[in-house]
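In structure tokens, one chain follows: the form predicted on its own.
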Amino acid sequence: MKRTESIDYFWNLLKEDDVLLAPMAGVTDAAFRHICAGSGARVMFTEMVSAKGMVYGNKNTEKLIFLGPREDHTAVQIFGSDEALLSRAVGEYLNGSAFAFIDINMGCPVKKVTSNGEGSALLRDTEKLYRAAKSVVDASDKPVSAKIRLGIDGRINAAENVQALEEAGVGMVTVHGRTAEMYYSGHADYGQIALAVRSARRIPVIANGDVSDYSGYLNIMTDTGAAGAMIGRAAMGNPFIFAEIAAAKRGEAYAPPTNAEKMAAALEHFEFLLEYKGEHTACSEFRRHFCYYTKGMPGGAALRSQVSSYEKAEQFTDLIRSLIDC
């Protein structure tokens, strides 16, 4: 895809919706995205998918790249550092897919990823980061974006890396306002994100970190000058955050969901997960989501303890339905 077309694609996409659902490993699968889309999320990202695993037929890849019926603007997020494998994954698997665009993970701080020179390890070497991004851009028929952190090893170089990614042909960059060492602790540094935003010449830069409501959305947009805001952990158990922010942007009143409405969303989420991954995996993975859905509910701690031993779909559906009917 031509560079100008890619940049224009992202600016036009952000005109329609500038609040994005972040890619989160172990969270943003098709079932979670389905629930967020039902609450108004438009631009979403898959969990990160290994380019190497894609090329060599890893058995988990098929589920990671499954798209649901509500997904017109979902990106597949890939990670890797080997330029040949990144290029092959794009050319052989992703160009013919239904994904709207391709996102490159250059921010994951997990040791098993960084120890292979992938994820946020790429932030150490701007030239290597540039080559990895360019290998994806050159192979892709789709627009390409990337997600980074402020830096790694005590060095803040997000502005430099944004410039390198833009030069490589990446059409949009998301900057998480934490370093790799911070993981998700402390506060996102909006000042450093703002520097990265200003370093871009033509491409939009998205700000990520600490947005949990409309007020947070306003703060990050005002403080950074970003073209959009990305929401991650705040959407867990609260997919309604997208409807909340959209209503506020329109100047409309927003009524927070009742506990029954939260449980209705939880049931839809679980049933999608059950059909998508089967009983064993659905029960195992949904325990975590159930903990978020019941956060702040009366008796929530007891409910979370109760489901810790659940292994059957009927146990979850019966419990959730009883909570809807309360």
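Only a predicted model underlies this, so the values are computations on that prediction, with no experimental measurement involved. Numbering starts at 1 and runs along the sequence shown.
What follows is about the form predicted in complex with a small molecule, which we do not show.
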is_contact(residue 184, the small molecule) in the model of the complex, heavy atom dist at most 4.5 Å: yes
Exercise: residue 210 in contact with the small molecule in the model of the complex, heavy atom 4.5 Å: yes
4.5 angstroms heavy atom contact with the small molecule in the model of the complex for residue 24: yes
Interface membership of residue 224, the small molecule in the model of the complex, 4.5 Å heavy atom rule: no
Option touching the small molecule, based on a heavy atom within 4.5 Å in the model of the complex, out of 121, 246, 230, 197: 230
Of 70, 63, 295, 288, the one that lies within 4.5 Å of the small molecule in the model of the complex (heavy atoms): 288
Segment that reaches the small molecule in the model of the complex - one of 90 to 98, 248 to 256, 134 to 142, 176 to 184, heavy atoms within 4.5 Å: 176 to 184
